[in-house]
Structure formats: structure tokens, C-alpha cells
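Okay, here we've got a single chain as C-alpha cells, the form predicted on its own, with questions on binding and movement later.
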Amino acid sequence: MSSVSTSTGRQRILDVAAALVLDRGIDGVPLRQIADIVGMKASSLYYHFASKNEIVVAVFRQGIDVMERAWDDAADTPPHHPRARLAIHVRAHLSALFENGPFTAAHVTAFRTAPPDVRAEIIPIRDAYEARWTELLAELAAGGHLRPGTPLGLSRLALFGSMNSTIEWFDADRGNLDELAEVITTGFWDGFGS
């Protein structure tokens, strides 16, 4: 067994698994490779996790936890103009994708290809996060800040598509997340704002 403590060993496994899932997808990550990078025998992974699917669930959960904390931090900022409120949450979501390790990005890019039992376990948590966005958009609509008749569910999906697709092309080491958040917010606000 590895000489690191249980919690450190477990987190190290998750760190490595998240980076590999982001880079190669779920199918491209054998347990033996995770174990080799962590520095333990493949059989020792079972001390921490019962299966590869359990590791993937833990990676996805941690990715959603990062998004939830980013949302909460954004919600704790003082009230702003409705557009600024949206912008703060867009920036928080992008922060979860780019500034807090690979967990959220791995979740966003690999969820669709996850085994059905993994998706089934994650869907309720994912739905709860998405519901927060729908609630925000509903509040903006109720305040007259979105065009009448704006379909909130589709609008949320369009906004998520704009934010989440940046994983494929945006380089956070060379780009500016504040500018990216402003571009996405402006595109949404100008498209759906009243």
C-alpha cells in the first residue's frame, strides 16, 4: 500500500483520474494507469474505491461541488444590476471550469459518455445546480429583464453551451476569463435581455 494517508491517497487518486478523464475521456483511463501515476499497485485502488465507476462518480461529484461553491460565492456578492448579477454567475461558472483543477471540466466533457449507472447517480446533483440557473433566469424574466416569452429552459441550455464549450478552445493561461465572461454575458443579454 502507498505510504500516503488514506485521505491524501484518495484525493491523489481523484486528482489523477480527473486529469486523465479530461484528457482522454472515461474509456481512455485504465485503473492501472491511475495507480501507476499515483505510485501504488492497481489492487490498492480498491482500498479507496470499489470500482472505476465509483472513481468517476467521485470526480463528477467534486466537479459539481466546485460549481456549487462558485455559485454560492457569486450569490454572496452584494446585489447588483440584473445584468451584473448574471455576469457574476457566468464568471463564477467559468472559474469552476478553469481555475479550480480539472474536476468540473472533466465532468462537463465526459458526462455524456459515462456509464448509465454513473449518470444516474450524478443527474440529481447536476439537475439541482442547473435549477439554480433556471431560478436566476426566472427572476430576471419576472423583473422584466428578459424579453417576454423567453423560453427559460432553452435559454439556460444556450447559456451553458456557451460557457461549457469554452473548455474545447479557450486557453486560460493565455486568455482573460473576465473578458470571456463579459463576451458570454453580453451575447446572452443582448440576445435575450429586454
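The numbering used is simple: start at 1 and walk along the sequence shown. Just so it is clear, the model here is predicted, and its values are computed rather than measured.
The following text describes the form predicted together with the DNA, which does not appear among the structures shown.
Please tell me which of R69, R61, R132, R32 lies within 4.5 Å of the DNA in the model of the complex, judged by heavy atoms. Exactly one residue meets the criterion: R32.
Does the DNA come within 4.5 Å of any heavy atom of A50 in the model of the complex? Yes - in the model of the complex, heavy atoms of A50 and the DNA come within 4.5 Å of each other.
Does K41 make contact with the DNA in the model of the complex, using a 4.5 Å heavy atom cut-off? It does: once the DNA is placed as it appears in the model of the complex, K41 has a heavy atom within 4.5 Å of it.
I'd like to know whether Y46 contacts the DNA in the model of the complex, with contact meaning heavy atoms within 4.5 angstroms. Although the DNA is absent here, Y46 would touch it in the model of the complex, with heavy atoms inside 4.5 Å.
Among 164 to 172, 51 to 59, 135 to 143, 122 to 130, which stretch has residues with heavy atoms no more than 4.5 Å from the DNA in the model of the complex? It is the stretch 51 to 59.
Is any part of 144 to 181 within 4.5 angstroms of the DNA in the model of the complex by a non-hydrogen atom, and which residues would that be? Residues within 4.5 Å: none in this stretch.
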